[in-house]
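Only one chain is included here, represented as structure tokens and corresponding to the form predicted on its own.
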Amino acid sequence: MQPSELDFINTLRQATPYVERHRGKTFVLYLPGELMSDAETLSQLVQDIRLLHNLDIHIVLAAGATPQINQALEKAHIAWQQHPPFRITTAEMLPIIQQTVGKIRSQLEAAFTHATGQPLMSQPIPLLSGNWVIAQPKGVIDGIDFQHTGKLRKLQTTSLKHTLQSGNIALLTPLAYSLTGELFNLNTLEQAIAVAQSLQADKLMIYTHHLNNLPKQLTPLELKNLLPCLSPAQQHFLHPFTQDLQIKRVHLIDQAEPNALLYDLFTLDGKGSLIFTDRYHQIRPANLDDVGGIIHLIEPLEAQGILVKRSRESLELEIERFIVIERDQQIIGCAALYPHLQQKMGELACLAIDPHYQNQALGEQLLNAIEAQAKTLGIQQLFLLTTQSQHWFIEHGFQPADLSILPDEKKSLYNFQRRSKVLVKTV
């Protein structure tokens, strides 16, 4: 088999669990107007969105139009004011905005109707827009009257869900009406966030160019603490995601890489940044189903002599001693506690973190979990044997100790060829 064929098979294997996990879920996808200015980029994006639809993912598409509206207003010689991040919309602008948004909607409908020639995508997928969003004026803020700039007042959630469940892609544009019939221009990103929260969407996917200096994953609180270190433009853009979000996961995707949508959804880490309000990983007791994942994790460390080799049989017999870190159903960390209760001691063993997830304080989280477990058992001292990681453990409160402190049963099993260092910590 050729390397390219193996790569394809491995990629398909990695993606398969995500296909099942995403099935039947609701995603809100925000596309800035810049991505619709290039026909080739738009065509590729539509193919990717159609693929998601064919995997039974319900999609609400929020289409921005800022550059197109700017261009249309400039052509009409109409100046506008900005109160970041919102445009102040006058009555004079509304006909031009309506015409511009109508063109974008037509452009998207044409793109979704165009047959791609691929078997799963040969039939057009209905792209529907509707008056699901009820708007209200943004009002007067800091003494500034935003006039016909609006915000979401209410979402007709039942109707929108019915549209999605009927096999349609729902399209949101910047325009929405109030209950009095007035037309308002909404900030599409703000609208996308509000709709995702109202729908309790599983994911909000956002294309942006504000990814500089953002880590791969962070919580809203971590993002809030990071904001002062970012540019003013990034602060304006990211501030809504520091609030009390009712969305489990917000994916920020680099709009310079529009093809990254599928990579973000069907690989473990994606390419962009993830803001998560659920637990992105969990520490839990191991079970027999985890043995294969633990072996995959520790085998490279055993080969390097960092860990003592464990057979599958011994792991299965001792699995109740282990805890694991699981992320998206993959084991990325483990550790074990072997109690010696007569001496009120316990051995910390087999602490390992997947190399792709190091420097994220996951080892420290495992250590804390083992220490908490030890305390509940009445253990007063943790000890461990290590050949190459003593500095890390010393940094986390362990002290070098003599072999004589080990319980007799552990001392009798000491491997003098490995010459492991003995470290101990009071818990």
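Quick caveat, the model's predicted, so the values are computed rather than measured. The first residue of the sequence shown is number 1, and the count goes up from there. Throughout, rigid core stands for the largest set of C-alpha atoms superposing within 1.5 Å between the two forms.
A second form of this protein, the form predicted in complex with a small molecule, is not displayed here; the remarks below concern that form.
- Contact with the small molecule in the predicted complex, judged as any non-hydrogen atom within 4.5 angstroms, is confined among 242 to 250, 306 to 314, 255 to 263, 192 to 200 to 306 to 314.
- The small molecule in the predicted complex comes within 4.5 Å of no heavy atom belonging to Lys375.
- Although the partner is absent here, Tyr30 sits far enough away that none of its heavy atoms falls within 4.5 Å of the small molecule in the predicted complex.
- At a distance threshold of 4.5 angstroms between non-hydrogen atoms, Thr26 is out of contact with the small molecule in the predicted complex.
- Residue contact check for Ile379: none of its heavy atoms lie within 4.5 Å of the small molecule in the predicted complex.
- Contact annotation: of the candidates Gln68, Gln360, Thr41, Gln47, the single residue with a non-hydrogen atom within 4.5 angstroms of the small molecule in the predicted complex is Gln360.
- Between the small molecule and the residues Ile353, Ala336, Leu108, Ile294, the one pair within 4.5 Å by heavy atoms in the predicted complex involves Ile353.
- Once the cores line up, the CA of Leu385 ends up 2 angstroms or more apart between the shown form and the other one.
- Once the rigid core is used as the reference frame, the Cα position of Ile394 differs between the shown form and the other one by 2 Å or more.
- Positional change of Ala91 between the shown form and the other one stays under 2 Å at the C-alpha, relative to the superposed core.
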